[in-house]
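Just the one chain here, laid out as structure tokens, in the form predicted on its own.
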């Protein structure tokens, strides 16, 4: 099995990636680069996490870095701000799905768990799932934060994930926790989704499995 892992510089996604590598899954990492709404340190952390996972597991990991900042700008200018995190994740999933098609992957892997942040309520996760046809694998779905941190400390990713870095600054102050699919679709109709996906794919760059 091959999965596209949406990996950030945070705590959760490296743990999810590790757990699936341990199960024998081949991983292709995809990092959504949120600059200018984050900083260079977040990209550096992500690449360091991929290096660490490669060394820890002895598994080569091909890594895509995709520009996501321009998508945030378009979404923020045209769509309901309270739904921004959902639009963001749906866009991430669409891009990951296109990369999955290129790579012959079987699904998308994320570090999401129920209720950890506003975008990860069951209702919102359902709305996000509808953006793509590929299955989304969430090995941390029932874990609480302390359980995830315990694993991160054990495998040595926690120290990297908690290094200084600018958190995403475009997150709305009051994100929706129970979005309705019809509202999301109505708002998304205000932007050219396909064009944004294509531009993201055109702007991405790739590190080979042993390049990092």
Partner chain sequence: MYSVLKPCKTSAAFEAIPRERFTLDLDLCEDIFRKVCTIITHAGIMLIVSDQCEVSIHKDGRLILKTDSGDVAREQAGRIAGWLEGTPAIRKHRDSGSLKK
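Keep in mind that this is a model prediction, so the values were computed, not measured. Residue numbers count along the first chain shown, from 1.
Below, we refer to the form predicted together with the partner chain, which is not included among the displayed structures.
Residue in contact with the partner chain in the predicted bound form (any heavy atom within 4.5 Å), chosen from 36, 181, 156, 60: 36. Interface residue among 169, 186, 150, 177 relative to the partner chain in the predicted bound form, by the heavy atom within 4.5 Å criterion: 169. At least one heavy atom of residue 76 is located within 4.5 Å of the partner chain in the predicted bound form. For the chain shown alone, residue 67 is not a contact residue for the partner chain in the predicted bound form, no non-hydrogen atom being within 4.5 angstroms. Residue contact check for residue 81: one or more of its heavy atoms lie within 4.5 Å of the partner chain in the predicted bound form. In the predicted bound form, the partner chain lies farther than 4.5 Å from every heavy atom of residue 51. Note that among 51-59, 37-45, 141-149, 22-30, the stretch whose heavy atoms approach the partner chain to within 4.5 Å in the predicted bound form is 37-45.
Within 4.5 angstroms of the partner chain in the predicted bound form, the stretch 171-204 places a non-hydrogen atom from 173 alone.
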